[in-house]
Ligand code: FUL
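What follows is a single chain, given as structure tokens, in the form predicted on its own.
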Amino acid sequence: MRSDRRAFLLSVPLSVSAASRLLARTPPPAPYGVLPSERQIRWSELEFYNFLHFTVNTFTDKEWGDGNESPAVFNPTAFDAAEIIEVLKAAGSRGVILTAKHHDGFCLWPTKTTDHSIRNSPYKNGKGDIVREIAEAAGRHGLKFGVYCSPWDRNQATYGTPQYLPIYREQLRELLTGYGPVFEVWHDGANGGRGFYGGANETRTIDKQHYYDWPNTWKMERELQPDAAIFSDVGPDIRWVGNEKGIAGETCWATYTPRSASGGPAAPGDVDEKEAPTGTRSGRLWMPAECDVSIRPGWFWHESENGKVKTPRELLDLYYESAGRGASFLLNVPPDRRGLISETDAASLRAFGQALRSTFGSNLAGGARVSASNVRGNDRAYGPHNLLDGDRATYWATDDSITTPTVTFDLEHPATFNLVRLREHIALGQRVAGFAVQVWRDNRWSDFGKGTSVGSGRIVRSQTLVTTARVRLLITDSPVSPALSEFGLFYERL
């Protein structure tokens, strides 16, 4: 039976990784802890994507509109979705999330739910649809498309009453059925406060735990876009990292048990922000962090901030402190009043993208001879060569009883580098709790760097360049046998 199966598998066209897994003699490691869904695994592979904050605030020079802005102020005279997306793609972005409706309630698509929308603006004489233009341009250039639709609406007269929820859900329904596949739905935690509210000009508070009936709102979104990851302070798929600086914790677990500021059940807008950067080791939910930050001090374009755009070096540092810690990097790039990315922003983004491609385009350990202190069942399907094949689906694993193994890489030639990147095979859970990297110098092993959590991607960065022909990875802490899919050496070029 075994030989018949092997003969069949070798007779059909399979990828190397698929054939290796199917021909494995030894069962894979048992999963550890809570596990990611397929949508969460796909999301984690994006690593870097962009926000576009664009609305009436762009023209009124505000960060948060009050809800009484006239639609007539929204008039980007040179809006070009293709040019915007081209800049983001040059930066290395893999997706874009548009603020289809911010707290001011102005809708960038011709919604049927309110007159406070692009239908009543001068843009294309009321016939425009910014959501459609961005979604279609993203699709043409290979970027995924996501939507931000603020739960808080400072324009709606019904906000704070039961009559608002059907309106909000219908807005979500329009966005999730009329613009093709959506990779992420983004829910802001800002809910309730001062607003116009149809002319009332008052402060309205809501019960953040129950007002939006989040379980059923998320259920509707799942039905409309089953492949979309849903973001909020408490997921259910992706959590807020707890700050707007774009920085995850040095230790950043993909697992999380959210709590409110008072220690009780958490909800969007009511979470203990101090715990979010690190997450929860062996937490109740798989809910990796997303690190949001703007390329400017504010989230919307302001002329006064034209000289305060983050440099390529600052963006690269943020990448290491977000995607390099197992989270994602969500960088906001606000279009200006023309409807374009400002020249300074675009130049910084292009240089950042070039640095990413130059740095991570080639794994300097790629041709190494690799050996491990243990391989699961002595089965080649789990061998350490899987760390260098560029395939996240293959992985090196050890026997169940071996939790602190080592892997040695003998390079073809001495290599100069200052970055090491690791990836876990997260389909089996987040397993490793401690690791170290050493380099062979002066006839002995010297420490290069160390860390705790790995997850979907962990970058260890040295402030100085190292040249060596031998590198060693040590797993120093793991409750179960590790399962790692990548080991890479890189030379930062900026």
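For every residue, the number given is its place in the sequence shown, counted from 1. Keep in mind that what you see is a predicted model, and the values were worked out from it rather than measured.
Not pictured, yet referred to below: the form predicted together with the ligand.
- The three marked residues, W396, F409 and E486, fail to reach the ligand in the predicted bound form, with no heavy atom of any inside 4.5 Å.
- Screening G377, G383, G189, G139 for any heavy atom within 4.5 Å of the ligand in the predicted bound form leaves a single hit, G189.
- Put simply, of D292, D270, E174, D237 only one has a heavy atom within 4.5 Å of the ligand in the predicted bound form, and it is D292.
- Note that among 181 to 189, 76 to 84, 217 to 225, 254 to 262, the stretch whose heavy atoms approach the ligand to within 4.5 Å in the predicted bound form is 181 to 189.
- The shortest heavy atom separation between H425 and the ligand in the predicted bound form exceeds 4.5 Å.
- Although the partner is absent here, W445 sits far enough away that none of its heavy atoms falls within 4.5 Å of the ligand in the predicted bound form.
- H103 belongs to the set of residues with a heavy atom inside 4.5 Å of the ligand in the predicted bound form.
- Under a 4.5 angstroms non-hydrogen atom cutoff, the ligand in the predicted bound form has F51 among its neighbouring residues.
- Residues are counted as partner-facing when one of their heavy atoms sits within 4.5 Å of the ligand in the predicted bound form; in 244 to 272 only E244 qualifies.
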